[in-house]
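To begin, one chain is listed below as structure tokens, in the form predicted on its own.
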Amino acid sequence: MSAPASIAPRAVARSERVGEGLDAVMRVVETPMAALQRLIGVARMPYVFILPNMVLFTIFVFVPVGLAIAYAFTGGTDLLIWDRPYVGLENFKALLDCGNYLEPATCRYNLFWTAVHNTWWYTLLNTLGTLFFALMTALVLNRLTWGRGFFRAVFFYPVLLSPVVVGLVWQWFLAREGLLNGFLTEWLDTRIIFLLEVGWSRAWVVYVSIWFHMGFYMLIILAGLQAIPRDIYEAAQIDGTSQWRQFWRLTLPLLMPNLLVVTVLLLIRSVQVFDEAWVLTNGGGPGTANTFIVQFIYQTAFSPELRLYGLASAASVLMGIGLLVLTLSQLWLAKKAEV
């Protein structure tokens, strides 16, 4: 019994020393901050605290975006912008030069429009699929009375993995001599070349993306479900409202802000897909079946045979405009539905 009694005073003393150290640090910081507050006034102090974040945001966001826009109006293969000739809208005209936008083969840069078509279908399927499975998973977890934390961690775990690791693991699983084909050969005496057939490879790219990212969006939806007051459902049950009607008339409308956030984030992430799809399909194969916009930008800018920085920047600007239109349209539709 003497050991715990001796440990407690030491813990208290250690806590007191830590507190004294923090007080000393705060007193050192307090003097210049108080002088600064007297100099610029209390109303301007919030800008002091957000200034470091804004500096970093400017360096790593605003400056790169500005450079991308500037490069989009230049030509040549030189890297430094002051060595590059100004070409105006020529890069945009080249990318948009098409006989029929629904047929990439009629376009001057057919690979770009192939990537646009692939990204469009991927975005549609991935957004709807992820939204559906994340919602269903959140609804199930919200009803659990035990093990909710455990299953929530299980579904969220893939989000913590590196996209490259995810692509490599699933590539090993789906390869010609991979684990899945091993089971198919053993039990069904058949073999499917999943990553070398267009239909299968596209389906698996969408599936792997859903598996990889669903846990993050599930947590957002689950947080919205847990914020809905239980009294509403109790009143509905007293009135004899069915479970389906409760979901349609109560859960979905109250969950709409969370679903809007999830949808916008999904659209942005889907349009920007690159890393796990690139690794899983060995560079967008078979052929150009899984070549997406970001891959086109990367290859156009950094491929040793091309290094067309202006054309890649123009493609990135067009992608950014497309994302902006999609996001604003989604917000407008949500606001209109709410009104």
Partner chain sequence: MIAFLTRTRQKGRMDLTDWLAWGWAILGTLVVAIPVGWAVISSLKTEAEINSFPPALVPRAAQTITIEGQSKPLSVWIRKAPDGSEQTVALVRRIGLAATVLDPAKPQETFRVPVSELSQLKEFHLQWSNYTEPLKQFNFLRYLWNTVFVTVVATALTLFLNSLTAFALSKYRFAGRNAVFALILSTMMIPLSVIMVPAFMVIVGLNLADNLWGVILSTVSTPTGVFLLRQYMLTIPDDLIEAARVDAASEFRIYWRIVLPLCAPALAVLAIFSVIWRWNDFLWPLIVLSSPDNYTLQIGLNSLQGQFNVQWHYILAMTVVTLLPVTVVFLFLQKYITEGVASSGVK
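Because the structure is predicted, anything quoted here is derived from the model rather than measured. Rigid core: the largest C-alpha set superposing within 1.5 Å between the two forms. Residue numbers count along the first chain shown, from 1.
The following text describes the form predicted together with the partner chain, which does not appear among the structures shown.
- Contact with the partner chain in the predicted bound form, judged as any non-hydrogen atom within 4.5 angstroms, is confined among 159 to 167, 103 to 111, 117 to 125, 87 to 95 to 159 to 167.
- Remark: W172 counts among the residues lining the partner chain in the predicted bound form, judged by a heavy atom distance of 4.5 Å or less.
- Contact check for L39: no non-hydrogen atom falls within 4.5 Å of the partner chain in the predicted bound form.
- Contact between G178 and the partner chain in the predicted bound form is found at the 4.5 Å heavy atom cutoff.
- For the chain shown alone, L219 is a contact residue for the partner chain in the predicted bound form, at least one non-hydrogen atom being within 4.5 angstroms.
- In the predicted bound form, the partner chain lies within 4.5 angstroms of at least one heavy atom of each of the following residues of 112 to 146: F132, F133, M136, T137, V140, N142, R143, L144, T145, W146, in sequence order.
- Core-aligned CA deviation for L318 between the shown form and the other one: less than 2 Å.
- Superposed on the core, the two forms barely differ at N110: its CA moves less than 2 Å between the shown form and the other one.
- The Cα position of T185 differs by 2 Å or more between the shown form and the other one after fitting on the rigid core.
- Put simply, M54 and Y217 spread apart in the predicted bound form: their C-alpha atoms are 3 Å or more farther than in the form shown.
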